[in-house]
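What follows is a pair of forms of the same protein chain, given separately as structure tokens and numbered structure 1 and structure 2.
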Structure 1
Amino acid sequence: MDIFTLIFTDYTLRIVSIGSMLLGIIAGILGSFAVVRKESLLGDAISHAALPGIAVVYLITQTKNTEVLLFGALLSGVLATFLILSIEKYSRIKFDSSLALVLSVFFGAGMVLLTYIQKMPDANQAGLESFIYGQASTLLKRDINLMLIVGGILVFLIVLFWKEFKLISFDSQYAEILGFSSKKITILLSTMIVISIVIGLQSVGVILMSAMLTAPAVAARQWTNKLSKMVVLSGFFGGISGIIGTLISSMVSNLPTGPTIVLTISIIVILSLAFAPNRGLVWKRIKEKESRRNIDKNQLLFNIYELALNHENIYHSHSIDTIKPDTNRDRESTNILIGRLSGLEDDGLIKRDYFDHWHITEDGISYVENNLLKEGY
């Protein structure tokens, strides 16, 4: 069946793709801050650390209500973040070791609790593990509503505290000098990042959630230097890969949704790394070539200018051999040289006379004096 008719007719698919899209948008937006603050892997740690919280809340309440379970995940995520940052602050242990330690210990605790729950009489823990791998197909309409509400609040908070978040993301010391309580703002931002991870657990799972936090932001970073544009673009990339991933996985049999979404966003990252203007690798290569050519061209024009200064008539013309007296010049490089000179002539900076001699023009002089001399020639 045509995929587009399927979206409008198939209820589950519609719910799942909207859910994945919302999740991608939220993770993309909050992930921008995590990536800028060089805390990309915090997402990985927190998503693992959420497991014991889910289990504990289930033990206490005996409910499998998503909101309630995710609240448990939020609590243990925040606790893990606090521990990670405290270990780093109060000992000589570095951030990465602290992350890895807290991640594995919390996940271990989660496993202990899950096995404990499994052995309880009449306990039905099926569904709790889906948080480890994620099961997008279990998304319900109410989960979508939850995402909408939580996402709305998060976006609202970002707009409200935009200046503060921006400051602490780039220069928390400066923020403190300006009188912002950078500690409180950092706690708020970290909590918001934890929330964005937690609501994604159900659909893509613990392991792949870290990709949703990092990848859209890294892709978006390549297209812009402005944080505001990066946040919007990152949300867009996250959302679009959520939808595309869901649709592809629904068209091919036995293709799990979470990993397909990650594959989609990874492709967007690779394309961005290659082709983004200014920063992209392909673009950089082209730029490099162009600037090398420009340097040669400028150098050539400058030579002509200097030669002209030696004469009373500033428009005195010179032969190629005088302009670039390179003794072992072969035919090919002569042609390149003539090509460059013609280029300069096209720009109106120099002029050729009947004897194939070249002299500088008025425009050329003003170009040299206004641009090249200032650049330090």
Structure 2
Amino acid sequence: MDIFTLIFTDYTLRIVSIGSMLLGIIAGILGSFAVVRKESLLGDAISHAALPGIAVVYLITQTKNTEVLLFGALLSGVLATFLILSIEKYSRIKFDSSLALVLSVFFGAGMVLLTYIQKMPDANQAGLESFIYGQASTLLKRDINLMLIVGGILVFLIVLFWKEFKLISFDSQYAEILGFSSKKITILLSTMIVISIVIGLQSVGVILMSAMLTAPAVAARQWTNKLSKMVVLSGFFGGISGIIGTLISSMVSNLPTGPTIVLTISIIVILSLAFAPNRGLVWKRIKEKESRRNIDKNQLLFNIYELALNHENIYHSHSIDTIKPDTNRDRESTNILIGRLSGLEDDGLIKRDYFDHWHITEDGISYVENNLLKEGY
């Protein structure tokens, strides 16, 4: 409770928390489209490609003004996106290979320029390396205002072009048939993703920014099959991880904020992969066991039904060994089999006459003939 109170009383913590939350929301919303379009690694390439833009702008302007440096990162990111899409379109190099090529070349160039800048006889260049790993504690109120303005514009564009973005995310060819320009819409969406990456460089850096773009969307995808809900959930997961990561880093001395935020959203992803309804691994395992149990019960019922048809008295009782012969059955298997038969009895489909002897009921016959026989038993 004390740490939450500090958000309202400590100016620096409040600014960093709000900035991290805004970054998480913006990156989560835009990242949803990257994940749906199976272009998650595009964020990784663009974030790394932004580094040489920062270095070049500094060499030209000799200023560390955040807006100026981020403008350089934006130009570099847009150029990298254009090169990736062009290489894929006009050559035989596939999308993932073009990503790797552009990422390595741009990031390598950025590191060379950064090393050159660090060796310049000018103390003003100190601190540029913070864009590699991020330094959220340096966020200022004007940075928050910039995030609010840019984020508001991005969200407005998403609402305005929602139909178009949704269409090209799932079927770009169908969009072309309807008369939409997939190329123009893709360029607009890619530019928006670049902008969302650039405004997060100061907080988490070029190396970890791709995680902020993809992780919230991956987590949200486990909870829903609708894009609209996925976008909202992704923004929520990104925002909440930004706040929690900032609070955790403020509680531990010398714990960097950016990596802590990424670890927080990673935990959300792991929990979503494990426990999300319908798609979560735990729920899948439970459903698989339930499905196998139902299949076993249906097979037992069908066996009893066939035995009933082959006997003069349709309600004649049959032993477990007759219902499911197995000479190697152990005590545990027998108990499982009795449990399955007891479940059928609870459903009113069979009835136990005496110890381990069962016969089918009228409801059981009706269930087999109206359901199981139609399913191919």
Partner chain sequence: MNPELEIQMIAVIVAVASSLPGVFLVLRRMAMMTDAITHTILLGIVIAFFITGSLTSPLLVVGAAIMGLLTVFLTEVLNNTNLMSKDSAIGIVFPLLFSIAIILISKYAGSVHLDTDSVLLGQIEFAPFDRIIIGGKDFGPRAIYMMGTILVINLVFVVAFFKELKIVTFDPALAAVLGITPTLIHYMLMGVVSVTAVGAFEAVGSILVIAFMVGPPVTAYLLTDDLKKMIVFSSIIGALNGVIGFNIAMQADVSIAGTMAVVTGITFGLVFIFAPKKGLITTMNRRRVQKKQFAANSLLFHILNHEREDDVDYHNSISNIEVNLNWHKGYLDKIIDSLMDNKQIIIENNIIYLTDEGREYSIKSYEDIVGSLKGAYLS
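For residue numbers, the reference is structure 1: its sequence is counted from 1. For the two forms, the rigid core is made up of the largest set of C-alpha atoms that agree within 1.5 Å on superposition. Note that this is a predicted model, so its numbers are computed, not measured.
**Q** Between structure 1 and structure 2, which should be identified as the form predicted on its own?
**A** Of the two forms shown, it is structure 2 that corresponds to the form predicted on its own, while structure 1 does not.
**Q** When the rigid core is used for the superposition, does residue 35 move between structures 1 and 2 (threshold: C-alpha shift of 2 Å or more)?
**A** No, the C-alpha position differs by under 2 Å between structures 1 and 2.
**Q** After a rigid core superposition, would you say the CA of residue 360 moves by 2 angstroms or more between structures 1 and 2, or not?
**A** Residue 360: C-alpha displaced by 2 Å or more between structures 1 and 2.
**Q** Answer yes if the CA of residue 269 moves 2 Å or more between structures 1 and 2 after aligning the rigid core, and no otherwise.
**A** No, the C-alpha position differs by under 2 Å between structures 1 and 2.
**Q** After superposing on the rigid core, what is the C-alpha displacement of residue 115 between structures 1 and 2, in Å?
**A** A shift of 3.5 Å at the C-alpha.
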